[in-house]
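One chain comes next, on its own, written as structure tokens: the form predicted alone.
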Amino acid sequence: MPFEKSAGAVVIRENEEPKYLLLHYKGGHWDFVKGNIEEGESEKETVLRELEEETGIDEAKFIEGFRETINYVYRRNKQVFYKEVVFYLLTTRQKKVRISFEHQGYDWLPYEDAMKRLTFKNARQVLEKAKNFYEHHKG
């Protein structure tokens, strides 16, 4: 089974109430920024590249110590792939998002709304861990 590795991010916009960035993919699901790691790239380099490509956000900082991995199997063109995605936690003050051709929309949502909007259970688990980590490590 072919293997793919991606890196992505839970992005928090810091304001009065933290808001989480979700992207509406053309396949219909809601998920985080993520993309395949290109040759020679580190996971964090991939995260920053994908963030800028998919959202136009170019000012974000990592909250050190958060790294969460999920694994799943998916089908593309009748072929089954095993995928690993590593998520980091980033904060930004940028509100304006310019989505890429890969997406049909986006939303900045408070935690409870983001939990309801995310399509996949493993994404909700990552969000819960990210929120807990953020609350414990901010300030």
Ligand code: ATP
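One-based numbering along the sequence shown. Just so you know, these numbers come straight off a predicted model, no measurement behind them.
Absent from the display: the form predicted together with this ligand. The rest refers to it.
The contact with this ligand in the predicted complex, taken as any heavy atom within 4.5 Å, belongs to 36 out of 104, 36, 94, 69. The candidate spot formed by 6, 25 and 29 is fully in contact with this ligand in the predicted complex: every one of the three has a heavy atom within 4.5 Å. At a distance threshold of 4.5 angstroms between non-hydrogen atoms, residue 49 is out of contact with this ligand in the predicted complex. Contact annotation for residue 44: none of its heavy atoms lies within 4.5 Å of this ligand in the predicted complex.
Put simply, residue 122 is close to this ligand in the predicted complex: some heavy atom of it is within 4.5 Å. Contacts between stretch 52-86 and this ligand, counted in the predicted complex as any heavy atom lying within 4.5 Å, involve 54, 70, 72, 74, 83, listed in sequence order.
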